[in-house]
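Below you'll find only one chain, the form predicted on its own, shown as structure tokens.
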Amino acid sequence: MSEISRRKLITTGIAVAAGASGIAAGAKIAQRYGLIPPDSRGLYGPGETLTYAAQRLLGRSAKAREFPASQISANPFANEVDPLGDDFKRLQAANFVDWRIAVDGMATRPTSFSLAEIRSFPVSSQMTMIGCEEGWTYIAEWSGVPLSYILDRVGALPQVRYVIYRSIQKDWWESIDMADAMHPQTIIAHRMNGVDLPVPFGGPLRLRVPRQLGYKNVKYITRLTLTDNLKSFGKGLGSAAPEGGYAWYAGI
């Protein structure tokens, strides 16, 4: 059976199960094919599983909408963040010359990159919308190095399933699966609207995941960890988001 036919069969099965026997039955089919998000436990787990599985089966390679330059927002909204701390202020005062992003975990060549190195890598640009679960949105031009380039450069092992990314802000971390990590629109952004990424918008480095809601687009990133399992990180739910009541997968 071809991959496309297999996907159609699985997707149809999930849809039928969800309609005839409820969301929980669809979740069981998703589990059979390894399409279970890390926060699948709890009251809303089956529904989140169904959403994640359907998205991955139907739109694994789909792209977020891109816009013309004429639609870039004149006054983009920079949501507030907690105080960034003395370490950040020290780095900012030196124009971030000492900022580094470490890459560890399941890689053959774990390393760290300076901001200058990140800026020297191949650049991908996109004009995409970022949207928050609170209701605000804006369109901007984002430029940076594709995350896939970084993963290739460090030699991500074949069994890697997730990329964890952490902010300089304490306890702020997220993760994505390899479908999003290797997607061409997922970038480590260091420029916005033609200038170095401003601090209020996550500068000097922000992970831009345009296929997911704003809280997955973590600001001030300092570390990437490659892993095949998320259970040993935090509370085992995949990121700080579900620990705070949000869904791990926030696809749009």
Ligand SMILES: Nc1nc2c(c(=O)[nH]1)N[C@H]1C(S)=C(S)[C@@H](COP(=O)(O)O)O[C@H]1N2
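Because the structure is predicted, anything quoted here is derived from the model rather than measured. Each residue number is its position in the shown sequence, starting from 1.
Although it is not shown, the form predicted together with the named molecule is what the next lines describe.
Checking 64 to 72, 183 to 191, 212 to 220, 50 to 58 against the named molecule in the model of the complex, the stretch whose residues place heavy atoms within 4.5 Å of it is 212 to 220.
Of the listed positions (Tyr162, Phe113, Phe88, Tyr138), a single one reaches within 4.5 angstroms of the named molecule by any non-hydrogen atom in the model of the complex, namely Tyr138. Between the options Cys132, Ala102, Leu157, Ala179, the residue in contact with the named molecule in the model of the complex by a heavy atom within 4.5 angstroms is Cys132.
Using a 4.5 angstroms limit between non-hydrogen atoms, Gln169 touches the named molecule in the model of the complex. Taking the partner from the other structure, the named molecule in the model of the complex has a heavy atom within 4.5 Å of a heavy atom of Asn79. Within 4.5 angstroms of the named molecule in the model of the complex, the stretch 191 to 207 places a non-hydrogen atom from each of Pro200, Phe201, Arg206, taken in sequence order.
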